[in-house]
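Taking the form predicted on its own, here's one chain by itself in structure tokens.
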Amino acid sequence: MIYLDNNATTRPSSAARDAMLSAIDELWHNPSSMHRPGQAVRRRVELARASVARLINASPKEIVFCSCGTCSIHTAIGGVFAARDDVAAPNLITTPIEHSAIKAISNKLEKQRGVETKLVPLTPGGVIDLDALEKLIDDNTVLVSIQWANNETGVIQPIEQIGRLCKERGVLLHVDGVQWVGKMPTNVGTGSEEPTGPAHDDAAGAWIDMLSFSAHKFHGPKGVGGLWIRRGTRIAPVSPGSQEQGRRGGTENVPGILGMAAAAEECLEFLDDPAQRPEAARRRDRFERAILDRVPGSHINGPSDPALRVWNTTNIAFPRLEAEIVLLMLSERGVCASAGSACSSGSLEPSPVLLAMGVDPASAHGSVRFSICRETTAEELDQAIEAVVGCVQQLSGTISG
């Protein structure tokens, strides 16, 4: 199978797998135990925390291990509002194209706390309107939560400009970096050593207060994620306990944590190689250009400039077709893709993200997301091009007939 659904999950690397097996076979003791084996596990967990922190140039003490990206998002947003009972009519500012985890926590906060959710309008292509964001922020705004790279279209938000604006207004910024961290340079600027390589060649991170990410999006295991919290950020634990410096309770998922750390170290090697990311982006660009050239009427959902989308993602609309049928035919031809977020799969309705971006329903119904990874080869993409073109031409001929 040619796997082009890496935004849903990536294949765990061999290093991540080996680290997890080591934890299961040898480091199975509870890291909170005082005996020698337990403390040996504790040491490995803290070394893993340092590895994960290096991926974003953070202090290890600022990293909170969570169970996934959704857990990280809920821990961040829920924790900030739990700590701000001094605001009588609090509001949360986000966008209509966020991951479903944002909608879930905002609905919960509205019911429990009366928190108002304000949605920032989008410009064509799915980038937020910065002027509109500035107007939405008021004295009751507790938090702005924005996705760095969209999981369906790959559109990149201007996090540095958003962060500067939030700092000017004294508002916290949480960033959903689940589709960013491990794929793109990230530098929150609180690490003990000044980084010198391309892996940290990024200025936007300095303006973020909290960053969510997940191991299984960068060749680590499922069931473990991270939340970076800038020192001094006002946040209360939504799941109290003694673990994670009291910021999130529960016995640590040691195999997941060690697997995540191994994957993080490999991501640093990938990001520090100046040739790898541009080459992967060229493979994605060639793939989408070939399909657009050979399928009349098809078009990209999102900015037409590939540089405004994260390098691994393309979302292509095939108007008048049904994405579910395209995906089934592709699967039979050995190609895995998606119609949108894995957390929203199973619905026959068009993607709410695409509709919020202004994509017409006919195109949204027939839109397919293809997401590559650093392991995807040019040969695989050449085969996938033929499969996509063949499926679409066959379906289009059925409609025309």
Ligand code: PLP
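In case it trips you up, residue 1 is the first one in the sequence shown, and so on. Keep in mind the model is a prediction, meaning the values are calculated, not measured.
Omitted from view is the form predicted in complex with the named molecule, to which the following refers.
Only one of 47 to 55, 63 to 71, 329 to 337, 354 to 362 places residue heavy atoms within 4.5 angstroms of the named molecule in the predicted complex, namely 63 to 71. Although the partner is absent here, residue 99 lies within 4.5 Å of the named molecule in the predicted complex, judged by heavy atoms. The closest non-hydrogen atom of residue 284 lies beyond 4.5 Å of the named molecule in the predicted complex. A residue is said to contact a partner when one of its heavy atoms sits within 4.5 Å of a partner heavy atom; residue 95 fails this definition for the named molecule in the predicted complex, lying far away. Contact check for residue 178: a non-hydrogen atom falls within 4.5 Å of the named molecule in the predicted complex. Among the residues 151, 75, 312, 145, the one placing a heavy atom within 4.5 Å of the named molecule in the predicted complex is 151. Among 186, 157, 301, 214, the residue placing a heavy atom within 4.5 Å of the named molecule in the predicted complex is 214. Shown here without the named molecule, the chain has only 7 in 1 to 21 lying with a heavy atom within 4.5 Å of that partner in the predicted complex.
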